[in-house]
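Shown next as structure tokens: one chain only, the form predicted alone.
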């Protein structure tokens, strides 16, 4: 397996400065984030509090009726420890009002709808709190498209979006996040019993090793398989990357004018500086 170790003291300092710069350069001082109680959102809450101060961070807990109660408990433990602001909004009535009108709802459709409902609430709360929405996606799920387009993938900034899940585990230990949160099985908690590794078909250390070889080191599929990795897992992961590329790009624009968004109008978001 690949070595994912980093200087986490330096990573922490870099991400804290990144959050400050991105939030302040857009004219804000505050952020809101969805706090599920999972490791990624807890880690982002810790970093956001360090960067912006506890009075400028608001966590929104948004359980559905099938959500694991332990997730909410972990979220509340985090809020108490950090002293940040919070609000709980149960999304059950909102989601069920839609679900009951549909003839057939699969787990995937329900999960996507819940993710988009939660993000819709977060952006509304960002307006109320005069804040940006903090993303909690990591590099592994972004590469694989293992998240909901315009759901949890939609955010103002993604401070841990270039860290693989394997690095998130190590970073969380460095940040002294409680062991109970660090060691539970990664899950989006979209339906009972759902876990990331069960769905993806491999442990994160295997997944991340294959991803870094393909994405960062630019190895080919055949080269990765020749290194001893399972052909079935390699092909499954690379297929996910290719099938979900549309999630990682802006909607294509049909070009007619000299300056077209996403093509040659590429100014940074803080254009007025």
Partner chain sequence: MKIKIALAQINPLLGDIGKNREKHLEFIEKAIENNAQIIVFPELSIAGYRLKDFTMEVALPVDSNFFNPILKQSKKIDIAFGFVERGDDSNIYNSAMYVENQSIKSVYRKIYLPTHGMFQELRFMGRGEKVTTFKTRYGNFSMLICRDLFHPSLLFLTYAQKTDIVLGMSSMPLRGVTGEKPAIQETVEKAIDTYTNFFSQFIVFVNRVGFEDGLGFYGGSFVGTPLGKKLAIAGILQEKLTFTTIDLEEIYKKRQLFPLVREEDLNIVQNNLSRILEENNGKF
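As the structure is a prediction and not an experimental result, all values here were calculated from the model. Positions refer to the first chain, counted from 1.
As for the form predicted together with the partner chain, it is not shown, yet the points below apply to it.
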| property | result |
| --- | --- |
| Site test, 87, 109 and 127 vs the partner chain in the predicted bound form, non-hydrogen atom cutoff 4.5 Å | no |
| Partner-proximal stretch of 212-220, 229-237, 44-52, 28-36 relative to the partner chain in the predicted bound form, 4.5 angstroms, heavy atom | 212-220 |
| Close approach of residue 242 to the partner chain in the predicted bound form, 4.5 Å, heavy atom | yes |
| 4.5 Å heavy atom contact, residue 264 to the partner chain in the predicted bound form | yes |
| Residue 254: touches the partner chain in the predicted bound form, heavy atom cutoff 4.5 angstroms | yes |
